[in-house]
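The chain that follows stands alone, in the form predicted on its own, written as C-alpha cells.
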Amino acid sequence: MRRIMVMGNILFLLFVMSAFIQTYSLPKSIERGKEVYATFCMNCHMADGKGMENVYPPVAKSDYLKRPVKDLINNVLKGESGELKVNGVSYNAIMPAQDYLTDGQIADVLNYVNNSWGNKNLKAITPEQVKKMRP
C-alpha cells in the first residue's frame, strides 16, 4: 500500500512539473506570424512575398534568409538601409526598425517568412533568441 502511495505521489509530481515545461511549437508560431506579416510586412514585401521589383526585396525563395539568425533578428529590430543584394539583384530601400514588435511577434514573423513561398527552415526562432538581441 505504501508503495502505491509513493508511486502515486511521484507520478503526481511529474505531472505537475511537466506543466511548467513547454516546448516551442513551430506550426503555431508560423500561424501567428502570418498575421504579423499581413499587418506589418505585406505593404512592402507583398502578399506573395515577392517584394516590389527594383524597390523592395523578395522574401519568397530568398537567399537573404540563409543568413545567420542573429542577422535576421537584428534586421527586424534595427531596420536596414543601403545597398542590399537578394537573389543576385541589388536593392537600395530603407527598412525601418520594427523594434516596437514583441519578442514573440518577431520570432513568429521570421518563422512564417522562413517557412513560406518556397522557403523551408524547420529550426524555429524563439522569443528568447529575440530578447537576447535587443539593445
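Here the structure is a predicted model, which means the values were calculated and not measured. Heads up: residue numbers just count along the shown sequence, starting at 1.
There is also a form predicted in complex with heme C; it is not shown, and the following applies to it.
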Q. Looking in the model of the complex, any heavy atom of Ser62 within 4.5 Å of heme C?
A. yes
**Q.** Contact test in the model of the complex: Pro68 vs heme C, heavy atoms, 4.5 Å
**A.** no
Q) Contact between Pro27 and heme C in the model of the complex at 4.5 Å, heavy atoms? A) no
Q.
Can you tell me if Asn92 lies within 4.5 angstroms of heme C in the model of the complex, counting non-hydrogen atoms only?
A. yes
Q | Partner contacts for 45 to 72, taking heme C in the model of the complex and a 4.5 Å heavy atom cut-off | A | His45, Val55, Tyr56, Pro57, Pro58, Val59, Ser62, Tyr64, Leu65
